[in-house]
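Shown below, as structure tokens, is a lone chain in the form predicted on its own; questions about how it binds or moves come after it.
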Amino acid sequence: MTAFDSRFITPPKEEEEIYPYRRVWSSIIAESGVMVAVAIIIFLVTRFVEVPRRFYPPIGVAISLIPVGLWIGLSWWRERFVPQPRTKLVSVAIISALAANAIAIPLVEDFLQVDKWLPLENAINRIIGYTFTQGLVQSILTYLVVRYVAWPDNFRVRLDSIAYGAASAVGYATILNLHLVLSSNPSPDIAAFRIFDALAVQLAVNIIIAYGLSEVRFNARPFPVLLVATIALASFVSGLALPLRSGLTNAALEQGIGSVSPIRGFLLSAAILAGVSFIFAFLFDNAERQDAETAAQSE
């Protein structure tokens, strides 16, 4: 009896086309997910193990460097194994870190001195104040670094803007976090939450700005004030995050009973990053689909 050969009715599968660039959304999800896990593990461990105060600074510095270590391993290193790697990621990260250290921190803390007057205001004034101080400074510096280091020549596809925005976020947030742990000496659990908070908000801010830069680069007729609108929205998200996080952390769960819980602020930061990522992933996908349809119609 002749053996049955399935090849006669099942055609051979075509080889999958190799995607030439590193997929940035998966890298962001992986890096953020690991940071969430690290923060939760440190929080749980410190519930059972008392850490001597003299170990707070070195532990804080070590936690502050975890995001950049994850970025090197899950983003920058993976670029080496794709056909068309992005070449200016390290430059964007380093210059963003230098800008945070040389401009953002002195401007916000020493010149504007927001910590001396904004915490005393009501919630609305704090949101407005942080939007036009800390939020605006961060957003403009991010835009300037990515704009003059990587845009437009290194933007080959729309998601290149996300890759460079994430690099900028990691560099910027690392300096903010090192400044935090060395200046205020928080306990490891508080440091872990605050470090994730800074990274998550900076990533969300940079994703918004990245969308504006990508639209100006690839859209033949972008909205005239799109870049201004995205910088304004990014500043507002940053300005909104800090007062809300502080309010949730120190919220009273029952009338007359205060309850300080940093995990609530941590969950808010995670929600902000997840929400912004979801919305702008949809916008990026929609823009790419429109580009494909336009290209198909022109053929």
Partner chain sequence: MSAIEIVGASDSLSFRQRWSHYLVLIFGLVGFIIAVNLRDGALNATTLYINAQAGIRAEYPQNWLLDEEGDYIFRVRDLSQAGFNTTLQVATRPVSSITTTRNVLDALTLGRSQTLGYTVLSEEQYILPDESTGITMSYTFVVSDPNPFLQGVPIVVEGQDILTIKRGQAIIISFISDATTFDENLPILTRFMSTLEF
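If you're wondering where the values come from, they're calculated on a predicted model, not measured in any experiment. Numbering follows the first chain given and starts at 1.
Form predicted together with the partner chain: not shown, discussed below.
Peer 1: Mark Phe223 yes when one of its heavy atoms lies within 4.5 Å of a heavy atom of the partner chain in the predicted complex, and no otherwise.
Peer 2: Yes, Phe223 is a contact residue.
Peer 1: Even though the partner isn't displayed, in the predicted complex is Asn185 close enough to the partner chain, meaning a heavy atom within 4.5 Å?
Peer 2: Close contact is absent here: in the predicted complex, Asn185 is far from the partner chain, nothing within 4.5 Å, heavy atoms only.
Peer 1: Should Ile124 be counted as a contact of the partner chain in the predicted complex, where contact means heavy atoms within 4.5 Å?
Peer 2: Ile124 lies outside the contact set for the partner chain.
Peer 1: Is there a non-hydrogen atom of Phe280 within 4.5 angstroms of a non-hydrogen atom of the partner chain in the predicted complex?
Peer 2: No, Phe280 sits far enough from the partner chain in the predicted complex that none of its heavy atoms falls within 4.5 Å.
Peer 1: Counting only non-hydrogen atoms, choose the one of 138-146, 186-194, 92-100, 70-78 that falls within 4.5 Å of the partner chain in the predicted complex.
Peer 2: Comparing against the partner chain in the predicted complex, the contact stretch is 138-146.
Peer 1: Leu178, Ile105, Leu112, Val82: which sits within 4.5 Å of the partner chain in the predicted complex by any heavy atom?
Peer 2: Filtering the options by heavy-atom distance leaves Leu112.
Peer 1: Even though the chain is shown alone, can you say which residues of 114-151 have a heavy atom within 4.5 Å of the partner chain in the predicted complex?
Peer 2: Read in sequence order, the residues that approach the partner chain (within 4.5 Å, in the predicted complex) are Lys116, Trp117, Leu120, Glu121, Ile128, Gly129, Phe132, Thr133, Leu136, Ile140, Tyr143, Leu144, Arg147, Trp151.
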